[in-house]
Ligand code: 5GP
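Below you will find one chain, with nothing else, as structure tokens; this is the form predicted on its own, and questions on how it binds or moves follow later.
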């Protein structure tokens, strides 16, 4: 079943949206926190950070996602508490909670498979996110598209509550979850939104006991051998176009089958496409059984989010993604080559 959610006509300022979000936080007694399919460091770090924060304030919290926690993020505190949504088991739970918090995803469509249950629930819905073009479905939107990550926004929420209530909520576990979110969504602190304020936040996490090496080692240095083999095969597919400004890599279903891997193992692969001299835009096209997944990256002001929108996706100016059920992998590659030409000719 397909769902259509119109874009929100009026997006409140983050400060105004945060006040609406806080009112729902204060009134919530039992809630569910969810995030997007194929969750990553920011979505999971934000989700778990908010969970730990709300539990300190006496709220009963469930965490539920449309897909399981990737292996490299299972070190996160409380990650084992996240349930994978099953319609027969969890629709009733989503209907009985008083609040559904949606983090790092601004449309129920991003919670693929959970849309119907989320929208059928009488619970209030509240969004905390940093992506553009939210869909109109919730009762509160705290959105800052200039933030480096959703984890940064959870940290701001922590600080507001600490100031308002005179309590200390930033524990080591919350700090570790939010550090992971910021670290991964800033590309290890190298993307444009990594400003001095972000580093001041990180300093507070370190003061709370976070060990950067430990987090980095868990996220990036615990790869199974079959993932390394898949990466090698993926790098071998690299092709450049438009005078070397565009680099595209391909992951086929057969490549995953032969290396005994799955879509979880490709996390971070697309970043390799920008490591080639002269490349300004990179893409990873992944062939899945029922669709094609595309991850897009760019440098400077090249808006890959606009390219992703061509396929019904979205994201940020330098990092975006989309899926298609109407293109083959080969057709998706050709379409990326075609629509990128207009953007790259200006570089």
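Quick caveat, the model's predicted, so the values are computed rather than measured. Residue numbers count along the first chain shown, from 1.
There is another form of the same protein, the form predicted together with the named molecule; it is not shown, and what comes next is about it.
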- Message: With the partner left out here, check for me: in the predicted complex, does some heavy atom of residue 321 sit within 4.5 Å of the named molecule?
- Response: yes
- Message: Taking the named molecule as it sits in the predicted complex, is residue 297 near enough to touch it, meaning that at least one heavy atom pair lies within 4.5 angstroms?
- Response: yes
- Query: Hey, in the predicted complex, does residue 282 get a heavy atom within 4.5 angstroms of the named molecule?
  - Reply: no
- Non-hydrogen atom contact residue 51 with the named molecule in the predicted complex at 4.5 angstroms: no
- Task: Tell me, please, which stretch of 25-33, 309-317, 274-282, 54-62 lies within 4.5 angstroms of the named molecule in the predicted complex when heavy atoms are compared?
- Result: 309-317
